[in-house]
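One protein chain, two forms: both are listed below as structure tokens, the first as structure 1 and the second as structure 2.
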Structure 1
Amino acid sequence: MLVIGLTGGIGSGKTAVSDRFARHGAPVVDTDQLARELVEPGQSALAEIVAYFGPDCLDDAGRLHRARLRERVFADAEGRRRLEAILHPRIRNLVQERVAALTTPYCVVVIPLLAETGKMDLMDRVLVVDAPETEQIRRVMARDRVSETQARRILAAQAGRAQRLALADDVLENVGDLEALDRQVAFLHQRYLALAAAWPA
């Protein structure tokens, strides 16, 4: 099966794009979603996180306090590496497992931080959703009701546009309206079906 890695900066439109692939019948494996599943109570990853970061990173109900942990690793490079060492191998294994169970011509794996963490072996092509930074900031402010300063802070902590675009096999310029996005995804869907038909089994 042809595996498309989909990435893009915050607010670039990854979810809007992956939702549209799903409507065309392409399965979407979302690594953010897998990361959330992996830290559910009872999971070994959560136990390792608590062992390293302490019980402070849990809320009263014993669930991961994501905001607190995020603040903690934002200022602590060693903690961030530790958290990545706990989560990334597990995410990779889960992606492999989910993709292996699929039977469609192609699938989409959404990996927001691909430029930061590197491409996974199983990805055959990288699709970068790209938008100007001013547009990313505008969308994030509108969607998450954060200030421009906060939106800029998140953007500054991510890889830059050029770094992401350097990894792209395909680029989706998400600069028009949602109807334009429909057409762009429909075009890519046909392209991936054609590529998948010629893909080694």
Structure 2
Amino acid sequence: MLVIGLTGGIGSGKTAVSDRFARHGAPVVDTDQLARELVEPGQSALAEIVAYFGPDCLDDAGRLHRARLRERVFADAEGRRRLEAILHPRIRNLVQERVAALTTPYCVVVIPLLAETGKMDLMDRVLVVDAPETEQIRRVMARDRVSETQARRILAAQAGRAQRLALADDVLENVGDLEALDRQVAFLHQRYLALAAAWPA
């Protein structure tokens, strides 16, 4: 099966794109969703996070307080590396399991930090969703209700546009309206079906 790695900076529109691939019948494996599964109460990853960051990273119900932890790791490079060391190997294993269970011509694996982690071996092609930085900041501020300073700090912690684009086999420019996005995804869906038909078994 052809595995498409979908990546892009925060606020670029990865979810809007992956939702449209799903409507075309392509299975979507979202690493952010896998990360949420891994930090549910009772999971070993959550226990490791609490052991390292302390119990104040939990809310009153004993669940991970994502906003509080995000603030901590964006201000602490070592903490961010530790969090990645806890989660990334587990996410990788889950991606492999989920992809191996699929029987469709192709699937989409949403992996926001593909450029940062360099985990290219799971992907056959890379699709980068691209948007201008000003648009990314506007979307992040609206979606996450954070200040412009916080949004810029999040962007600064990620790979730059040039670094992501250097990995791309395909680029989807998410700067127009939703109809333009629909057309681009429909075009890529047909391209990936054609590529999958010729893909080695």
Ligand code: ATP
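All values derive from a computational prediction rather than experimental measurement. Here, residue number means position along structure 1's sequence, counting from 1. Definition used throughout: the rigid core is the maximal C-alpha set that superposes within 1.5 Å between two forms.
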Self-check item: Selected structure - criterion: the form predicted in complex with adenosine-5'-triphosphate (ATP)
Solution: 1
Quiz item: Fitting the rigid core first, would the Cα of Arg63 be found 2 Å or more away between structure 1 and structure 2?
Solution: no
Quiz item: Would you say Leu38 moves between structure 1 and structure 2, meaning its CA shifts by 2 Å or more once the core is fitted?
Solution: no
Self-check item: Backbone CA shift between structure 1 and structure 2, Arg152, after core fitting (angstrom)
Solution: 2.8
